[in-house]
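This text opens with one protein chain seen in two forms, each one given by itself as structure tokens under the names structure 1 and structure 2.
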Structure 1
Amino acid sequence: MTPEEHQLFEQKIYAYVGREVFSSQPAPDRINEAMIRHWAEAMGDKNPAYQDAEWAEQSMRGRLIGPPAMMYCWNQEGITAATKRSSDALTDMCDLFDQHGYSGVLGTNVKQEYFKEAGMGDQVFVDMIIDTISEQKATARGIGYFFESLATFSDQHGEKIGTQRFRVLKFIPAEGANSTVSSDEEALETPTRIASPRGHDNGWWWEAADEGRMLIQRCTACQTLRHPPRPMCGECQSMDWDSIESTMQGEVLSFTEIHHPKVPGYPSPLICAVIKMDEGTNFVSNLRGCEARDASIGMRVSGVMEQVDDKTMLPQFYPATQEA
């Protein structure tokens, strides 16, 4: 595109910011046990509040509830959406991106917030807008734009159940990304992890990780430690900081094992843990060297910097009694 064409294109896409996608759209089915059973089986979620009626009756709720993380599922269109989806602001905007070469799509972030539990027989309604569109970005996948939709879910009484922010990258695929393998010598690359976002406020942390060091940011005014890196101290609002090197010793504060979906570039199943570092900060990392059934809250762990793919060094944590 010429500079003039690009300017006109951006005027068109930014005009979608604030546009309504759905307004009080009702889910085709009320919250029901069958759909919850399928979802819980797929996710491996055994919370009795969702399926054990006898347990639920004895609980403070007195009834079964739908999994809060399911709230987005109730309003999905089903398999027909893959072949023919009704026109709305979101599909029209994505078509505009496609027409200008931004045919690549990658979901990057989902953030849900819950306000009220919904139970059996409740009906979920959704309101959705296109909330933000970024300036043009150069990413590892190609040049593109991030846009964010904001969905608000409510029940049949108009009471808010929760919200979901979904961030998507629409990009022009990098040259050669779709090229066909032409010989036996040309093998598919091993999938790598999504490249770390390195900016002004956190680039120093990743540079230290590349060197095999795990640093923790420290406020020089009040000595409070903080992670992840950010420009201002949450305690005294000072902008002055330095860092200390972590001993990479701590204990498991919380953990979960991810089975599905399998994420390219990551081991499967994958144990993700919140580690309470001995220095006092929390750190999210992978727990290696043990099965999920052998992990426990309060378990001592020891970290090492490891090459997790061709381009990335990250702290990985192992049971403290086991050598990494």
Structure 2
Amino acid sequence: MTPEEHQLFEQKIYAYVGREVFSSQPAPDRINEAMIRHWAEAMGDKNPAYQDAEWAEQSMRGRLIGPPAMMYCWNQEGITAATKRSSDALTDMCDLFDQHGYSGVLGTNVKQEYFKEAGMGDQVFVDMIIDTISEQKATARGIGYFFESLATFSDQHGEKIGTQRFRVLKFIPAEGANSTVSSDEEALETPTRIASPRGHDNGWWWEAADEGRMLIQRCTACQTLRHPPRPMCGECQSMDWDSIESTMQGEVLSFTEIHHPKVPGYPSPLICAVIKMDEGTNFVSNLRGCEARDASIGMRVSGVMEQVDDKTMLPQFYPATQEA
């Protein structure tokens, strides 16, 4: 495209922002047990609130409900979506992208919000608009645009059940990006945590960790503990040292939950914390066994050495259990 053609193309696609795709479109079937059973089976969701009528009757709701996350399923088109879906703003916009080479499609995010629980026999209606289209982005898949549709689901009383934002990347497929790796030697390894390099000053610490021990370096001249390990004692300048094994008991000085970026080989969510060990040195590790909202500065923690993946042994800390 020339810059002028590209400008014209962008004008055309941005004109779709705010356009209506569906208006009060009713689902072909009311909420029913058969479809819930298929969905729950596929998702591995055994919540009795969806399928166990006896349990549900005695629950706070007093009845079975449809899985909230399933709200978008009721209005899904069947096989006709692939063969003769009628034209609407969304299909027209996607055609326009395709015609200009942005033929790649990748669903990137779904965000749902729930307002009301729907039960057996309720009918779901959907309203949908094209809510946003990003500026042009360079992604690993190729150059493209993110667009977001906003669907609002209601029941037969017109009361809002929930909303769903669906973010899609339409892109020009980069050459070779879709080639598949077939030979065994090229098969990707399962990612593991990024290990520390090991040198003279720290290798011994990581080797002990491999064997399941968390050590703290100690100056043999003045007995000062130090972490991270260093070749010389900052207090007395002695280069002689040994180590003690940590009791792995301590208290949280600070913590942060890492949301972005998500790194292959690392769990998500992931909480990192600075822990003041009872021995007196501070140590950075992970806080496990609780959610960030239940973590607090000053909380007592207790550590164990854990094999966190195929290659990595690390100290990991958990909220300390109350002593009897």
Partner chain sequence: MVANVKDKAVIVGIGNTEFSKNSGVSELSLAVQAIKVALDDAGLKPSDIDGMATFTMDTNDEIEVARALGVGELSFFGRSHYGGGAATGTLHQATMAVATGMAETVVCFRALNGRSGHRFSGGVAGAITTADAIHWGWYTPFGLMTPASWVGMFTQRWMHITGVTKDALYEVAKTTRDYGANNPAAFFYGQTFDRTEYDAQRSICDPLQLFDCCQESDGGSAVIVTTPERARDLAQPGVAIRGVAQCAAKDQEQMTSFYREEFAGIPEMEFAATDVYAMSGMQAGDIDAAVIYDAFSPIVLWQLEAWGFCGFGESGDFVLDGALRPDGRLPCNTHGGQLSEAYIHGVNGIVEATKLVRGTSVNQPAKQIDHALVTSGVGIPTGGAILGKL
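Counting starts at 1 with the first residue of structure 1 and goes up one by one along its sequence. Bear in mind that the values here come from a model prediction, so they are computed numbers and not experimental data. Definition used throughout: the rigid core is the maximal C-alpha set that superposes within 1.5 Å between two forms.
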| property | result |
| --- | --- |
| Label of the structure corresponding to the form predicted on its own | 1 |
| Exceeds or equals 2 Å, Cα of Ser149 between structures 1 and 2, core fit | no |
| Glu251: Cα shift of 2 Å or greater between structures 1 and 2 (core-aligned) | yes |
| Rigid core fit then Ala42 CA moved by 2 Å or more between structures 1 and 2 | no |
| Distance the CA of Asp240 travels between structures 1 and 2 [rigid core superposed, Å] | 40.3 |
